[in-house]
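Next up: a single chain in structure tokens, the form predicted alone.
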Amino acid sequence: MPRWLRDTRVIIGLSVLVVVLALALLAPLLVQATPDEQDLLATLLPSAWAKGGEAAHPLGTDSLGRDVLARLLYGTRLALTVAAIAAPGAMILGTIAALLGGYFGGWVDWVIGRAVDVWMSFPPVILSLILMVGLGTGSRNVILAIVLVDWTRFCRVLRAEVLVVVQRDYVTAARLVGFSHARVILREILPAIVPLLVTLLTLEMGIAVVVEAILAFVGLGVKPDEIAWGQMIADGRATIYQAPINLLAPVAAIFVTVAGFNLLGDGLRRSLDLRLVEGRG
């Protein structure tokens, strides 16, 4: 069994994410109601176990009579889709910049470093909101905004690692032998930073879930016909005293999902980073 699969954090994180993914994929089988189906005669119903609740609506209904559980499960699909596409996109862009800057150094590294400094001088959430104003709403634009903002997270961390790897003997030997720059980068340097890359990717997926929820909360994320946890939180504010589950359910979903990604990322870092493994040994 691989070492990383023996880490408790990895096991817990993976278990949480597998359950979340299963709930998202099996949503049509788990709930009979559709997320947009309205019943104005059954608004703000409490949970099924509370007085006045109905078994047909396990978590009750919102102010428009829509099933909270159905919206929660279908919102999971959007959150995981954004995380699964935006995080790798930011990773690819940031990794390319980090490899080029760290390997070539000189003016290439200076230009990339200054671009990262300028980009990171803006608060990430504020920059995401500005981009969404220009791009418009929609899940595709949310993904693009996250990629354009968060590539700097990968670039800054990976660049520091590349600078260390470039100084190692096997990289120097590869250069002396006459390997091309592309071969040295792809065959010698990139494999050495993969453990850190995987860790950053899992953590970024959790960040993407939070950013998507924030953008949906302020009305600059998904379109009105798309279901998002942030949208549910925004709708649930007005009825928090009458039906607190409308607000608490999506908040809990975000917390559990992000915790799963963070546990997985922390476990992978401890298992794949040889320096940490040797230190514990």
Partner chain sequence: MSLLRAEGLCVTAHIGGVKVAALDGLSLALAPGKVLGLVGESGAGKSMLGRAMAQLLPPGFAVSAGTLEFAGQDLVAMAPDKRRALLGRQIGFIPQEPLSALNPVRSIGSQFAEHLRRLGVADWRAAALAALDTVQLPDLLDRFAHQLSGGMCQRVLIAMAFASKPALVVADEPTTALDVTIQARIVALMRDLQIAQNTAVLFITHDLRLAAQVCDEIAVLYAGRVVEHGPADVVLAQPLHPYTKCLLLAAPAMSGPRQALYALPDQMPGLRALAEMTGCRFAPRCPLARDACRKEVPALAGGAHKAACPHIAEIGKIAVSELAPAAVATTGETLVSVRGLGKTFRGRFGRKPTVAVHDVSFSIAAGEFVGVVGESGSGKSTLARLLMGLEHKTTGDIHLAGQDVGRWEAAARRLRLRTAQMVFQDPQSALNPRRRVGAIVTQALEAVGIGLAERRVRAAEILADLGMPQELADRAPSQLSGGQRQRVNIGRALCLVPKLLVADEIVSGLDVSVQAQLLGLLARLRTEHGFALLLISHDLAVVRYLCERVMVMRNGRVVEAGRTDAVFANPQHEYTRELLASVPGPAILR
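Numbering follows the first chain given and starts at 1. Because the structure is a prediction, the values reported are computed rather than measured.
Another form exists, predicted in complex with the partner chain; not displayed. Remarks below refer to it.
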Mind telling me which stretch in 81-89, 202-210, 150-158, 177-185 gets its heavy atoms within 4.5 Å of the partner chain in the model of the complex? 177-185
Which one of Ala173, Val108, Leu135, Ala115 is close to the partner chain in the model of the complex, taking close to mean a heavy atom within 4.5 Å? Ala173
If you check in the model of the complex, is Pro191 within 4.5 Å of the partner chain, heavy atoms only? yes
Proximity of Arg140 to the partner chain in the model of the complex, heavy atoms at 4.5 Å: no
